[in-house]
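The chain below stands alone and is given in C-alpha cells; this is the form predicted alone.
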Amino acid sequence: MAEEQNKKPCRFWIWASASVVFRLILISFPGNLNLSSRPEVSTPLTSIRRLAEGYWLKQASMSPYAGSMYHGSPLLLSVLGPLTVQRIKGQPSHLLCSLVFVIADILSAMLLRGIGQKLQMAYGLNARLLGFLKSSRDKVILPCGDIAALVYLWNPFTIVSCVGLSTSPIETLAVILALFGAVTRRVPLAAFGFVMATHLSLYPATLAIPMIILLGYGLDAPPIKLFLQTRSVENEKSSTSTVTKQAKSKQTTHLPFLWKTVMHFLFWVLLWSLYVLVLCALSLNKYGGVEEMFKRTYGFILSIEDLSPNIGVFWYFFAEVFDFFRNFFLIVFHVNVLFMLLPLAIRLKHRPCFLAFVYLAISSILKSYPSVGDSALYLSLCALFVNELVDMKFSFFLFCGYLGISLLSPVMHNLWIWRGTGNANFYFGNAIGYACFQIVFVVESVSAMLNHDRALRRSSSNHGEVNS
C-alpha cells in the first residue's frame, strides 16, 4: 500500500514532464504549425500577432491602439512586447513568447493541483463527518488535484493555445491564481489574481461572487442540513433528556460568514486595482491615458466591433442584424450572462469552487471573442470534481461531440475561406454545434452535482434510521 502511494507522485511528475517536453517539441517546428492563424486559437484579444503590432506602434511613438489592431492590456504589452522583437539565430520566431506560455501552463497546472488537494481533503473530511467513511480504506477518493493538473497539461485545447501563440495561458494563470488564493485563504494573492484576470479579460469579474462565498463560508461541502441531521441523530442517541434536546435544538442552522476576511479581500482588490490603473496610466500617458484603454479594451469587448469568424456565435449574428437593432441585441446578449449569476449562486452557495467552474463555462459560451483556451480552463476545473461527478450522464456523448467539433472546425473553415466551395453557414453551423455541446455539458454537470447532494441526503437519512 505504501509503495503504491509513493508511485503515484512519481507517475504524476513523469506525465507532467512529458507534457512539457511535448510542448517544447511542437514549438520547435517552424511557424508553430500555423496555429497562430487559426480563429479557434487566436482572437482579436489574444493574438500575439496583434500584440506585436501594438508594440511596434508604441515603439514608433504612436498609440498601441491606433489602427484597431491591438485591444489587450498595456501591461501585457510591456511584458510580452519586447519578446516579440527578439530573435534567436536558428530558432523559430516568437520562441521566447512560446517559452513564457509553457511556463504559464506549468504554473497553472501546479496551482490546480494545489486546489485539488485542498478539495480532496475537504471531501474526505466531510464524508467522515457524515459517517460515510469510517477510515481512509472504506472508499477510494480519487486524487482530483493530480487528475485536474494532468487534464490541463494534456488537454489538446491547452496545447494548441500554448503552441499557437495565444495569450490565453496568461489569462488562465490569473484566473487559477485567484481561485488558489481563495481556497488557501491567501487574501492578497486571491485579490491580485482576481484583479489581473479581470484586467486581462472582462468576464472573470463574475468570479467575485464565488470567491466571496469561498472566503466567507469555506471550501465546497454538502448542504449544512446534512450535518445538522447527522448531529441531531447523535444527540438523540447520547441523551434522552428533554432539557438536553431543547438545548441542542437551538443550535445554529447556518454557518457563520467571515465578514472580516471578505472585507480584507475587498480592500486588497481596491488596492491592486488602483495599482494596476496607475501603471496603465503611466504606460499610456502620451496616448490618451486610462480612458483610451477602457474604450479600446472593455469597450471593444462589449461593442463587438470585430466580426471576424471565431468559434462563438456573436460574429455571425451581428453581421446579419440591422444597425437599428444592434444596441438592443448587444444589451440582451450581455445581460444574459448576468441573469444567471444570482440563481446559480443561491442554489450552489455551498459549493463555491464548483460555482466558479459553472460561471467560467457560461462565460466561455457567451463571450464576444471565445477561443479553445477558455474551454481548456473550465474543462480542467471540472476535473476537480471527479469524485462528485462520477455518475454524470452523457459523458461519452459529450466527449465525442467535443472531438467531432474540434476536427470539423478546421475543415469547415478551409472549405469556406480557402477553397471557396462553402459559405459562412458551414463554419457558423459548426459554432452552433459547439455552443450546444457546451450548454449540455454545463447542464449535465450541474445536474450531476445536485444529484450527488440528494444522494448524500438520502444516505444520511438511511444511516440515521439504521442507527436509531
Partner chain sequence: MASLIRSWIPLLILQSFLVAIAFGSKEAEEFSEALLLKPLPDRKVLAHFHFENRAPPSNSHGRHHHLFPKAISQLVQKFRVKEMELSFTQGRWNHEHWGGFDPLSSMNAKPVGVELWAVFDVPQSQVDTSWKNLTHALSGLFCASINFLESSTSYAAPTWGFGTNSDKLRYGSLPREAVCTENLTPWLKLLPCRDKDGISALMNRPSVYRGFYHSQRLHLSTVESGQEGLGSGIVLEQTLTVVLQPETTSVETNMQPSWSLSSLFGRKVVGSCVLAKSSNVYLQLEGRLGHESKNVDTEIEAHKLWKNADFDLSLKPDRVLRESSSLLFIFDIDKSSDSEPFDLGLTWKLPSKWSCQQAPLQATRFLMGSGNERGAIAILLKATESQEKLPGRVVTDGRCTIKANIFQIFPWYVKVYYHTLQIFVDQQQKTDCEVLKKINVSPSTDKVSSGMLEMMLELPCEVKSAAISIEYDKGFLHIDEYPPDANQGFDIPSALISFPSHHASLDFQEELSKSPLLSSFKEKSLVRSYTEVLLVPLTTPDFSMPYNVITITCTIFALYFGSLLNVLRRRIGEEERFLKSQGKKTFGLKQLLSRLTAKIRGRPIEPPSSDSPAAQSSFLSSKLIFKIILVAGAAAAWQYFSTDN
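Numbering follows the first chain given and starts at 1. Treat the numbers as computed from the prediction; the structure is a model and nothing was measured.
One more form of this protein should be noted, the form predicted in complex with its partner chain, which is absent from this view; the next part is about it.
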Since the chain is shown here on its own, which stretch among 333-341, 208-216, 117-125, 150-158 would lie within 4.5 Å of its partner chain in the predicted bound form, judged by heavy atoms? 333-341
How about residue 50: is it within 4.5 Å of its partner chain in the predicted bound form, going by heavy atoms? yes
Decide whether residue 413 counts as a contact residue for its partner chain in the predicted bound form under a heavy atom distance cut-off of 4.5 Å. yes
Taking any heavy atom pair closer than or equal to 4.5 Å as contact, tell me whether residue 350 reaches its partner chain in the predicted bound form. no
Hey, in the predicted bound form, does residue 454 get a heavy atom within 4.5 angstroms of its partner chain? yes
Non-hydrogen atoms within 4.5 angstroms of its partner chain in the predicted bound form: do 83, 96 and 100 all have one? no
Select from the listed residues 396, 275, 322, 259 the one whose heavy atoms reach within 4.5 Å of its partner chain in the predicted bound form. 322
Contact residue in the predicted bound form, chosen from 316, 385, 378, 192 - any heavy atom within 4.5 Å of its partner chain: 316
Under the 4.5 Å heavy atom criterion, name the residues of 49-72 that approach its partner chain in the predicted bound form, in sequence order. 49, 50, 52, 53, 56, 57, 62, 66, 67, 68, 69
